[in-house]
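Form predicted alone, single chain, as structure tokens, below.
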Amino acid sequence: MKTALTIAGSDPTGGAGLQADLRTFGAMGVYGLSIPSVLTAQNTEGVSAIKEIPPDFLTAQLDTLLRDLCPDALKTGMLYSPEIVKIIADKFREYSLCNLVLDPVTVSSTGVLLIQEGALDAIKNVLFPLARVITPNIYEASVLTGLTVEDEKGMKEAALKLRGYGVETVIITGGHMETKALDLLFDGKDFLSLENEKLEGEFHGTGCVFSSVITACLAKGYGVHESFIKAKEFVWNAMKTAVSIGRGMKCLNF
């Protein structure tokens, strides 16, 4: 059976973070492995506290797991500090890992900053060159590039700039756009845009689930373009049947 590893933050609601990643891997028929990079105190209304996993313990988790098995693909989510970023990059090379999908989580859906100073630069300079795919949303693409990303033109400009960091394929998700839900892929040669109507409401964990579907598809041997199409469809269907388990954002249902 194919395996996929998530290195991400823990979300007690299960709507985002490594819990949502594991749910997605299972739904895609892939065996899920997980290493928490950070703990959060959060619910569907927001994040109230963050506790980083000590770097030496993250290293122990990675070494212990990767000495035993090699995942067919892996994804990263919330990486809180530059130290954590460097450890993951070092282990990626040490264990000859492949199919890295990087979801550059910088801020929660409710506006809480989720990384320390210096972590964003570390992600761009250290992890981007190792990534097969990165999946920022339009806000994250704006933060990463310094550009204003509000429409398809801005997405294309940001994708061109982001690929300059050494990424193989850039996917920018536009679910936060005002009038439509447009996602854009750029592989260095061509652009591929996928569009759906924008659904009403606030949804928790869409970026986590989207990047997890891509990770699972790569683990199963699909190409990036097909993985992108499958992820768009999966998240769209999960949003249409999303459930309100608390007083805040809806959680995807799949």
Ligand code: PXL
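Because the structure is a prediction, the values reported are computed rather than measured. So that there is no doubt, residue numbering starts at 1 and follows the sequence shown.
One more form of this protein, predicted in complex with the named molecule, exists but is not displayed; see below.
Undergrad: Name the stretch: of 219 to 227, 51 to 59, 192 to 200, 34 to 42, exactly one has residues whose heavy atoms fall within 4.5 Å of the named molecule in the predicted bound form.
TA: Contact-bearing stretch, as computed: 34 to 42.
Undergrad: Quick one: is L114 in contact with the named molecule in the predicted bound form, heavy atoms, 4.5 Å cut-off?
TA: L114: contacts the named molecule in the predicted bound form.
Undergrad: Quick check on S81: any heavy atom within 4.5 Å of the named molecule in the predicted bound form?
TA: S81 lies outside the contact set for the named molecule.
Undergrad: Please determine whether T145 contacts the named molecule in the predicted bound form, using a 4.5 Å cut-off between heavy atoms.
TA: Output for T145 is no: heavy atoms all beyond 4.5 Å of the named molecule.
Undergrad: So, in the predicted bound form, is I171 in contact with the named molecule at a 4.5 angstroms heavy atom limit?
TA: Flag for I171 set to no.
Undergrad: Would the named molecule be touched by all three of L5, P71 and L100 in the predicted bound form, meaning a heavy atom each within 4.5 Å?
TA: Looking in the predicted bound form, the three residues L5, P71 and L100 all stay beyond 4.5 Å of the named molecule (heavy atoms).
Undergrad: Do any residues of 6 to 45 have a non-hydrogen atom within 4.5 angstroms of the named molecule in the predicted bound form? If so, which ones, in sequence order?
TA: Result: G9, S10, D11, A16, G17, T40, Q42.
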